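Have a look below at one chain only, the form predicted on its own, in structure tokens format.
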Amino acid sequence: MNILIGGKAGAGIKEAGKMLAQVLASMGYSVFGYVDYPSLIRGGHNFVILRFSEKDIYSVDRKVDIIVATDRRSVNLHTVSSKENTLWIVDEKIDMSNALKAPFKEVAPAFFKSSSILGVILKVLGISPEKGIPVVERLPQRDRNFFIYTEAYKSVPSLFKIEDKKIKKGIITTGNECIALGAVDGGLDFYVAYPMTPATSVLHYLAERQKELGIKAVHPENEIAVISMAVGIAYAGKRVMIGTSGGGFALMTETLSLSGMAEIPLVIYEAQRAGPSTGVPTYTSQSDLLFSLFAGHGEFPRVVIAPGYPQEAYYLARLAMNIAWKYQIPVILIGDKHLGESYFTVNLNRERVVENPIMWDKKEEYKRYCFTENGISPLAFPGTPGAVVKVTSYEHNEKGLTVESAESVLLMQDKRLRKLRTIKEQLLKNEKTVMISEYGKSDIALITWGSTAGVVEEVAKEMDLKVIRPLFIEPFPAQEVKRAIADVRRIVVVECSASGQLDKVLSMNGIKFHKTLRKYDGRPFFRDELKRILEKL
């Protein structure tokens, strides 16, 4: 079932959606929630689409079963989302025939109507009022909210009977929260960020839990300060992750190159939104893929990882921390608004995994950039007795002293680039590291990446198609993808990009395809929409 809740910004629409998702998850359902909001605090229109099912789901439909319209604007805007049998629930002040009217009341001018929305929906779904009490009690002005919740519950009839499965598939969380926890379990010491939607909630989440998680969250004055501070933190020996979106990442690229030259371990979470420039800041996109691959001047090794599910976001954020420190490189974890801010039902099995980097053995004179066969030099940190830890933005010799001779430049460039070969070899040998995801068996395959994973795999299951999805974009697992498509006669690339950035990556790696499906209006693919397009194709 798909439920849409719409209303003005600041009226608690997002909160109502999250509360309903939490109730449904507590009853044993898998819930996915798509959140749509403009870059306004008040005055705009917000809506949430929740889809819930007994089976695991990771997408929503454009056409919904129930529309909860708390104001006239919601009625006007969401007629396109209604079907012939869609149930409309409208505010009692709205004159609309054939619709169920409900009292969506605000607790007070300063508080929101989420408790009344929840009470109405639970009653319509035939869910016991006791199921909503735990989430209502967490709201401010608890007694007043509880009164309005119970009054709203009594105001409408039950029209469905949603059963309590008496199990629990997981808790409601977001991709951003999973990225935060994955980084913590990968040994995170500092999270440094300047607020930029849609990465901002990682900063909020970690800042609120600094003592509990044993980390520091730092908010400098701008994105240039963020990455510069992070380089200093890593140089001093502490694990650091930074977060931003495309515009902020653009400001960071000079210091990204410094990280590459100085071999400073650094994890960058790049949460994509619709651009260019300020673009559409609260909407989603997959248009920074090539930017992440090629950002920065000069040539240096990096790893680019693209999770598609919240569980992957946790695992790959943890892995990113360890890869950055093992190989002393920048690692870019690329997500987007859809993955970062949507609601998921997740059963997260947390485990702290912190791999120690190669450290100086103190047997010989310390050389920060010592030549090795695999390109990885032993680490020491400032204050280590007997070690002078010199890092530099200039080309340098093994000790970190500036050089300009052709031979010296060639030796150090080759030394750094050897790491990429080492990384790829070691990742492929590690059975625990999944570089591509394969789903289904068919001679027709969909290739996608990142947050489109859920909707593509759901539709593929319904249509009996195969899905191939690289989790690593750099180093790109070309041979693994070629093996996965060996018996496929038709390949369709699906992504939220206007220029087809994934198909360019595939072409660079010698992988041919037949058709591309691109969506670039700032919204993700909806399940019924993608299925309709693929059926026509």
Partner chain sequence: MAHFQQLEVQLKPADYRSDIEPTWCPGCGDFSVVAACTKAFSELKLPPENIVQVSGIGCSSRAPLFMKSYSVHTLHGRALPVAVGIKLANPNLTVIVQTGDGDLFSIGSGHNPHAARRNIDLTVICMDNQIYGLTKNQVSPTSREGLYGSLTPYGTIDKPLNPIATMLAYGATFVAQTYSGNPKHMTEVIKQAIVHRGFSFVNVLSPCPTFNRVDTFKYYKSRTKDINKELGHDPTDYSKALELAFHDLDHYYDPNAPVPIGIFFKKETETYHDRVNAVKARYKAVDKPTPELIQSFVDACKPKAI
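Positions refer to the first chain, counted from 1. Quick caveat, the model's predicted, so the values are computed rather than measured.
There is another form of this protein, the form predicted in complex with its partner chain, and it is not shown here; the text below is about that form.
- Three-residue candidate spot I224, E254 and V389; every residue lies within 4.5 angstroms of its partner chain in the predicted bound form by at least one non-hydrogen atom.
- Between the options K154, R138, K93, K429, the residue in contact with its partner chain in the predicted bound form by a heavy atom within 4.5 angstroms is R138.
- I171 is the sole member of I436, L290, I171, V280 with a non-hydrogen atom within 4.5 Å of its partner chain in the predicted bound form.
- Screening 443-451, 144-152, 189-197, 405-413 for residues having heavy atoms within 4.5 Å of its partner chain in the predicted bound form returns a single hit, 189-197.
- Contact between S26 and its partner chain in the predicted bound form is found at the 4.5 Å heavy atom cutoff.
- Contact between F160 and its partner chain in the predicted bound form is not found at the 4.5 Å heavy atom cutoff.
- Its partner chain is not shown here, but in the predicted bound form it comes within 4.5 Å of a heavy atom of G232.
- Though the partner is left out of this view, F111 does not reach within 4.5 Å of its partner chain in the predicted bound form, counting heavy atoms only.
- Within 4.5 angstroms of its partner chain in the predicted bound form, the stretch 174-212 places a non-hydrogen atom from each of L181, D189, F190, Y205, R209, K211, E212, taken in sequence order.
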